[in-house]
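The chain that follows stands alone, in the form predicted alone, written as structure tokens.
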């Protein structure tokens, strides 16, 4: 099957040149859980050239309500190996590289990455991820808790730091409440912004999108 046929519907939307931009792009997805699993899948289906996946977790039963790459037979296995297998079954043209490590103060971002999707579930790791970014890199931050989600794009060296914007944020005690529908919706917004950024037209640069999942109200906050 030709690439043109595979991507026909989206080429009708954004054209051959942008499809080629996607095919030449490299993106790091940090955290392959409720947000990251779907972000990775949608980018793979869209024809991203190369994906780096960073996570050190194993699949557990509570993951299955929203982490769409995994199923019951995967329980107990490391997320990254299963994720790469499923993604390459979806689109074998996408190169998938694995970073099986916890994102902390020693985390290093490969030099060929300039766009990072923050799909993590805690601000300590998010701040460490941001600290590892090269100047000029774009960080697309996404988060969800209960009925509220948020997406924000920052450029290292030009934007205010995520660690400053969310300074003093308290991590919720225990597990974060989240539904499959909510995580999937937020992941779609993240992917849309990643693709906009690849095309050189980020829509949420220094602009926090806040989404109420209860009534689908959208609001924006300049940062």
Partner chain sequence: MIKIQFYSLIRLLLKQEKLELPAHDNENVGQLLQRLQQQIKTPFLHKLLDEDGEPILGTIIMVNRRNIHHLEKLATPIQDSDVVALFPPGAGG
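Numbering follows the first chain given and starts at 1. The shown structure was predicted, so the numbers you read here are calculated from the model rather than taken from an experiment.
What follows is about the form predicted in complex with its partner chain, which we do not show.
The stretch that touches its partner chain in the model of the complex, counting heavy atoms within 4.5 Å, is 147-155, out of 103-111, 129-137, 147-155, 86-94. Looking at residue 65, you'd find every heavy atom of it more than 4.5 angstroms from its partner chain in the model of the complex. In the model of the complex, its partner chain stays beyond 4.5 Å of every heavy atom belonging to residue 192.
Its partner chain is not shown here, but in the model of the complex it comes within 4.5 Å of a heavy atom of residue 121.
Mapping the unseen interface onto this chain, residue 24 falls outside it, with no heavy atom inside 4.5 Å of its partner chain in the model of the complex.
Scanning 148-178 for heavy atoms within 4.5 Å of its partner chain in the model of the complex gives 148, 150, 160, 163, 164, 165, 166, 167, 168, 169, 170, 171, 172, 176 in sequence order.
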